[in-house]
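Only one chain is shown below, in structure tokens, and it's the form predicted alone.
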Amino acid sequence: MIYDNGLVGDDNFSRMLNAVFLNLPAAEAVRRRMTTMRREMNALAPGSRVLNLACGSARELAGVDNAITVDLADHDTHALAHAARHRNGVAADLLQLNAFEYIKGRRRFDTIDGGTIDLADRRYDLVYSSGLFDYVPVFADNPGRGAPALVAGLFDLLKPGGRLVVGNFAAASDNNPHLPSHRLMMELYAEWFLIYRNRAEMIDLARNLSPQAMSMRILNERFAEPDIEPTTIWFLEITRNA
């Protein structure tokens, strides 16, 4: 519904209530996040390989017309089946992957067509996860768990020069139009609870990586500089040094 952004509901009140949610800055940021990743994939060199972790419906593929392969990974087989039907002809393997099992070291995962893929044998030009990290905590006393461990594990899948792109909703700030009142609406009315992070916390997700092995930058949902434009969703972009 967020992507379609249409009037949905059984009566006028329901449609009005839904329209309020669909026009919140958070919903607009999700739509911008989708178009940003579509643009990034279309800008890749033909023949590039991409991994989308926690792909959901993978709606960004609808506008990808580049000759790339996009492996889609999600724990939900219904999401994978939906993505398979709407991937616009983009070549892809569809993996049933639980991110918490990946953190624990598992690399072999089943595909929805009955096959098995070992991610240890694959390397990617781009690995991205737009909405998963909003739900993955950090354990300060154990860097082998949680979001930093997942970042490190995904970084290992990159080719030299490849990029890891991690999205996360931004904590409240003067530059964030997603207000505390909007967050309260999401939590009280929709039971939609996210982990919000500030800039320092985003940078800290790379704590397990060697500074000599990578470079990184923080961007917003448009891939613009967050100090200049409003930022509702952070993107942490990590590039593996050649």
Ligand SMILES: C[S@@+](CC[C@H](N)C(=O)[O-])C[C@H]1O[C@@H](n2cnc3c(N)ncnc32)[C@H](O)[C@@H]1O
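Everything numeric here is computed off the predicted structure, so don't read it as measured data. Start at 1 and count along the sequence shown; that's the residue number.
From this point on, the text means the form predicted in complex with the ligand, which you will not see here.
Only one of 68-76, 107-115, 158-166, 82-90 places residue heavy atoms within 4.5 angstroms of the ligand in the predicted bound form, namely 68-76. With a 4.5 Å cutoff on heavy atoms, Ala54 counts as touching the ligand in the predicted bound form. Taking the partner from elsewhere, Phe100 is found to have a heavy atom lying within 4.5 Å of the ligand in the predicted bound form.
Remark: Gly131 counts among the residues lining the ligand in the predicted bound form, judged by a heavy atom distance of 4.5 Å or less. Although the partner is absent here, Arg33 sits close enough that one of its heavy atoms falls within 4.5 Å of the ligand in the predicted bound form.
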